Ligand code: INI
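A single chain, nothing else alongside it, follows as structure tokens in the form predicted on its own.
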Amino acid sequence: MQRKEKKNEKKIDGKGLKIGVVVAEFNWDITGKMAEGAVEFLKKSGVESDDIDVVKVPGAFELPLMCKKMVVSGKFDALVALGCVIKGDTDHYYYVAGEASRGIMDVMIELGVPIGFGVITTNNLEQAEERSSGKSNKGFEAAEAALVMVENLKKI
């Protein structure tokens, strides 16, 4: 169960920022809603529609490479990486989730551009649906994290 936290309601200013949203097509019924949540947050924060690039990749495993290519292009102030890995009957879940996470973190640390992490890992479809819609949309939250990090890095 997720903890209920009181969040800082400070408005984040995304005006003038260029943001990339990299979304896995695997489990699109989940990740598509997460992408909608991310774009909703970005627009709400003042990022112009023309400054939001949504790029699809086959699955969560491919997220790190696309993130790296987009960061290296120099066109983006931050990225949002979105995927959904649902546990099955084999260990495949652990490899995909772990390597996607590690790869995204490696890109962020190596290249110094914030990447909002929105790769959800769940035990079943019901949990994934809960985390991709309404007030628990992890795409929305990952976009928020990316913009907060842009602001924080500017202060240093």
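Heads up: residue numbers just count along the shown sequence, starting at 1. Please read all numbers here as calculations on a predicted model, not as lab measurements.
The next section is about a form of this same protein that is not shown, the form predicted in complex with this ligand.
The stretch in contact with this ligand in the model of the complex, judged by heavy atoms within 4.5 Å, is 55 to 63, chosen from 106 to 114, 32 to 40, 55 to 63, 126 to 134.
Heavy atoms of no residue among Ser45, Ala143 and Leu147 are located within 4.5 Å of this ligand in the model of the complex.
By the criterion of a heavy atom within 4.5 Å, Val71 is excluded from the residues contacting this ligand in the model of the complex. Interface residue remark: Val85 is counted as part of the site for this ligand in the model of the complex, having a heavy atom within 4.5 Å.
Although the partner is absent from this view, Ser101 stays clear of this ligand in the model of the complex, with no non-hydrogen atom inside 4.5 angstroms. In the model of the complex, the residues of 23 to 44 lying within 4.5 Å of this ligand by at least one heavy atom are, in order, Ala24, Phe26, Asn27.
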